[in-house]
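The chain that follows stands alone, in the form predicted alone, written as structure tokens.
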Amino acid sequence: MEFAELIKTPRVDGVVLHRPFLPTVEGTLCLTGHHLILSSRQDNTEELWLLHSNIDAIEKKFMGSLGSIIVKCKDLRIIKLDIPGMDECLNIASSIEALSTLDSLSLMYPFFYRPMFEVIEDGWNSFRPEDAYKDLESMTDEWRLSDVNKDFSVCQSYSPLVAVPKGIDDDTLRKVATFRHGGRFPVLSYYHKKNGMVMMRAGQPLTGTNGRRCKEDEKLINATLRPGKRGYIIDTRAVNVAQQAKAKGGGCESEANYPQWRRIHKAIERANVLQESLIKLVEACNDQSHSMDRWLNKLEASNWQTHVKEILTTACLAAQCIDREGASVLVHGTEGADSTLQVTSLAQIILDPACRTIQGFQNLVEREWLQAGHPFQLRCSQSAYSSTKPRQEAPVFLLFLDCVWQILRQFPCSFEFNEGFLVLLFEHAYASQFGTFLGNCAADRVKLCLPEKTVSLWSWVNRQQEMERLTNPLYEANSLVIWPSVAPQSLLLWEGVFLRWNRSSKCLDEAYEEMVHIIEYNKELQNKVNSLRRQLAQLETEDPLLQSP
């Protein structure tokens, strides 16, 4: 298929662009295969380059011969284009709708994008399982890296290499995979260096109504326990949901077959509920007409903050079991690719200071989301504005980022990255020129040849100038475990995502720049103090009379 077939009117002059907090711009609108571009000949006006894949929905309005297209984006921005001529407006709208809903991944912009920057570090090779295993090997000899899934035949959604207990062979893993949803057998998620406890993740056990048993599965997870120790199974479903799953062949671990494990149910809502919650939240944020009572009621009705609290509470529980109880943990829900990953990754941010660095957080996203099989293509194909019926879309990753922001806000000096890094990841998960978030699992990325045909987001992020922009000026390395408050009063609406297009951030930006200036000035003064102390020490050694009594 040629993109030209979908573009009925490639160019229109005299188009007026309206954007939040920016002056109105008149110029020429151009449609390409991947971008909507508005260019003006006026000096000092910023051009609009909008990826078609970032467009969630459009609305058309007409007044006489003038047409308007309201473009609602996946990053929650809303822009308006005034287009002279009804035919031109209809043609542009029709083309945008066609180009923004292409099904074929190979037609996406990352396959056509050529970077304008020098790729110093290939992000596709930055966070390989082999490298993570070397770090694990330096801490313990109880685990091994298995390539049982090298051809994706055991588990379609896992990466080719996974860490498993050393005493468990590949044949056992294959048997366990038949007992777990989607073949997602228990694998290592995190090793706690402080006490040797571990966190694993998996899909639900397929016990069914007959109470099916798998001794290989019991052997695998028991292999992670120290003598005399018990473990915790954290099921991210309500008890009744887990029981109902038995009728469909799923279920949960019975206490009779797993006597050394205590099962805890912590209900985290599933995809369709989360998507509805996002839609309600964004609708509330965009409604400028309501009173305080109406705003608070709408915010509460969205249940977004409740979901944030549930996820953070469960992550804190997992971290507490590992760090304070000295117990190993297995986390799973149904598939083990949504709420499970929210919990395991947030628990690591609480426990592991390395995950709070820019590189460490990239590594976490790579390990616990991309290589662990979170279906980004399904979950992020629509945002909050799309009028088409939701299929499997859900803001699972956005909720995770929101939870990270909550912890960052409570511990502003413990994170090397700033809020801008989290916003950047949200934007690129939904629409990007990079191939990092394309596909639903490692098998998809291999099939699409993404490392060979696209550029990694990490190649862009890890450039020096970008790292400087994303670095938190307040950062001071903190080797301690950090325990966030999950009290309702401690959890705030993430304005940097949900309100950034609704009110100007000028004052906040100016305050941030002033803070950076003060920090830099403080560093200069500290350096001068240190220099003067060294000079004084030097003088005292040269002239004993200067030494204090």
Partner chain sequence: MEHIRLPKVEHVKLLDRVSPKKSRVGTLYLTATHSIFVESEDGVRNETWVLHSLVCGVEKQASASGVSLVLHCKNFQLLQFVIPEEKDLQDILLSLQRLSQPESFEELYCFAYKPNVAAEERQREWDFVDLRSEYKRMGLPNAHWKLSPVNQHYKVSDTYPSELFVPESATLPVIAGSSKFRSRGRFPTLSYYNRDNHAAVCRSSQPLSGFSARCLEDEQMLGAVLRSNPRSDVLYVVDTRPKLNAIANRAAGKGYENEDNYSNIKFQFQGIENIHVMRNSQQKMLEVCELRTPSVSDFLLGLESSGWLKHIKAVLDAAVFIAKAVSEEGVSVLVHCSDGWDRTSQVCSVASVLLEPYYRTLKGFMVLIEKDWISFGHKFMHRCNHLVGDQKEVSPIIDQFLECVWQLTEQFPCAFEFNERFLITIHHHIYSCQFGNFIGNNQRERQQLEIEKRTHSLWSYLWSNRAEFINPLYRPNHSQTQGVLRPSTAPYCFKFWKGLYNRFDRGVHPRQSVEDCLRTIREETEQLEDQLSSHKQVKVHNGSSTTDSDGRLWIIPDLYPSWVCLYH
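It should be emphasised that the depicted structure is a prediction, and the values quoted were computed from it without experimental measurement. Definition used throughout: the rigid core is the maximal C-alpha set that superposes within 1.5 Å between two forms. Numbering follows the first chain given and starts at 1.
The same protein also exists as the form predicted together with the partner chain; that form is not shown, yet it is the one meant from here on.
- By the criterion of a heavy atom within 4.5 Å, residue 106 is excluded from the residues contacting the partner chain in the predicted bound form.
- Although the partner is absent here, residue 316 sits far enough away that none of its heavy atoms falls within 4.5 Å of the partner chain in the predicted bound form.
- Of the heavy atoms in residue 113, none are within 4.5 Å of the partner chain in the predicted bound form.
- Among heavy atoms of residue 94, none comes within 4.5 Å of the partner chain in the predicted bound form.
- Heavy atoms within 4.5 Å of the partner chain in the predicted bound form are found in one stretch of 136-144, 412-420, 155-163, 84-92, which is 412-420.
- Proximity to the partner chain in the predicted bound form, taken as a non-hydrogen atom within 4.5 angstroms, holds for one residue of 354, 370, 378, 474, which is 474.
- 478 is the sole member of 478, 392, 243, 195 with a non-hydrogen atom lying within 4.5 angstroms of the partner chain in the predicted bound form.
- For the partner-free chain shown, 289, 290, 291, 292, 293, 295, 296, 297, 299, 300, 303, 305, 306, 309 of 287-313 come within 4.5 angstroms of the partner chain in the predicted bound form, judged by any non-hydrogen atom.
- When two forms of a protein are overlaid on their rigid core, residues whose CA moves 2 Å or more are considered shifted, and residue 22 is not one of them between the shown form and the other one.
- In a rigid-core overlay of the protein, residue 513 has its C-alpha displaced by under 2 Å between the shown form and the other one.
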